[in-house]
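Below sits a lone chain in structure tokens, taken as the form predicted on its own.
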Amino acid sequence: MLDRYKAVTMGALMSLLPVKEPRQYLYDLVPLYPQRAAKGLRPGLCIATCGAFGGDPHLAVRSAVALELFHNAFLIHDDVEDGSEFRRGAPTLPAAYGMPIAVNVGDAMNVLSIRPLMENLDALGPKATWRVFAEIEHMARESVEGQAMELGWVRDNVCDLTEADYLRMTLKKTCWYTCIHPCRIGSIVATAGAVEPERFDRFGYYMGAAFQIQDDVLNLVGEEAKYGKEIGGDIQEGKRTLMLIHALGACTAREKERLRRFLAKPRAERPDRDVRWVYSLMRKYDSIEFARRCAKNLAGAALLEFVTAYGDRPASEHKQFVEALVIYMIERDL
């Protein structure tokens, strides 16, 4: 089902790209991230929710394209900000083409996402089109606020964070644009806004948080060929993952001071041996298993909230897909 939703979305995305110059340094680079081994979760949730609520799934494709473009723009800018070297099994855009071109391609994706939202007007009418625009505006704002929190923690070497801090950041950075808004937008397209979109908020939060924690875990224990990024890259970048926060709270005062000094260094000055030591510290205090348990608990909560969000909808392949996706989020190994 993911492959089906992604194929429809990618076909519409590729038809959206201008056939003009500059190609080598812009338009030929826009589809690079979407065409790599991406899962298409966000477009899938949007299109499936539209279908689950009785709408024509094809009417959600334009909005799904916008979500996919925003997502990949976020990824490019994330790679610039984090200094990441690999994304989905290949060099990142900044590593391959330099930061200036990468930033510009990310900006172009944000600009290109406006067109399919404008083209919703004829199919959805002005009221529903405007409501989708409002959802996108809120999604983008929450995402950059969450990113600001994460970047600020790294910049100022904040070491006294709690699980609640992490979940608040994840709600903003991940949950709104990965799960909550794709579901909300799909329902708006299907029902012209007759369904209250807030019914998806708790479901999308629990599922998105489970997804992000699992993604952070895979950065430590996954296979690089499958995961697509540098294994251990989050430690190298000093990201405040749930595992790092747990280790900081569980370790001895001497270990915490050593960890604080490690995190105070620029990424380029964090040697591999120290990265391995941080990983061993997470193992020592069962921080990875703690995060896995949290992800499973959140996924369980998402399954309960699925009943509230989708329970009154008739059985369909689209509804079944959304429910199955919750389990996939935490059982995936890539």
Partner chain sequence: MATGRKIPSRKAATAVKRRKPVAKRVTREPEAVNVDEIKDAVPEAAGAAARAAGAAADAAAAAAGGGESARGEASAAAAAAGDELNALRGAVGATSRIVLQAASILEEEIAAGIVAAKKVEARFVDVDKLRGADPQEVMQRFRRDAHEVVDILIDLVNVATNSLSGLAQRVVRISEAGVGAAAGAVSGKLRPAAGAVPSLAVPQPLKPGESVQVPLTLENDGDTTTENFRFLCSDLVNASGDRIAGGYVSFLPDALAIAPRSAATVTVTVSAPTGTPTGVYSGIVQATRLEQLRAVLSVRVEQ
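Residue numbers count along the first chain shown, from 1. All of these numbers come straight from a predicted model, not from anything done at the bench.
Below, we refer to the form predicted in complex with the partner chain, which is not included among the displayed structures.
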Can you work out whether the partner chain is within 4.5 angstroms of a heavy atom in all three of I101, V103 and L248 in the predicted complex? no
Quick check on this chain: which one of K239, R168, R258, R88 has a heavy atom within 4.5 Å of the partner chain in the predicted complex? R168
If you check L151, A140, I114, V158 against the partner chain in the predicted complex, which one has a heavy atom within 4.5 Å? I114
Would T308 count as a contact of the partner chain in the predicted complex, using a 4.5 angstroms cut-off between non-hydrogen atoms? yes
How about F133 - does it come within 4.5 Å of the partner chain in the predicted complex, if we only consider non-hydrogen atoms? yes
Might A192 be said to contact the partner chain in the predicted complex, defining contact as any heavy atom within 4.5 Å? no
Non-hydrogen atom contact N297 with the partner chain in the predicted complex at 4.5 angstroms: yes
Heavy atom contact within 4.5 Å of the partner chain in the predicted complex, the stretch among 259 to 267, 91 to 99, 168 to 176, 78 to 86: 168 to 176
Within 4.5 Å of the partner chain in the predicted complex, which residues of 201 to 219 have a heavy atom? Give them in sequence order, or say none. D201, R202, Y205, Y206
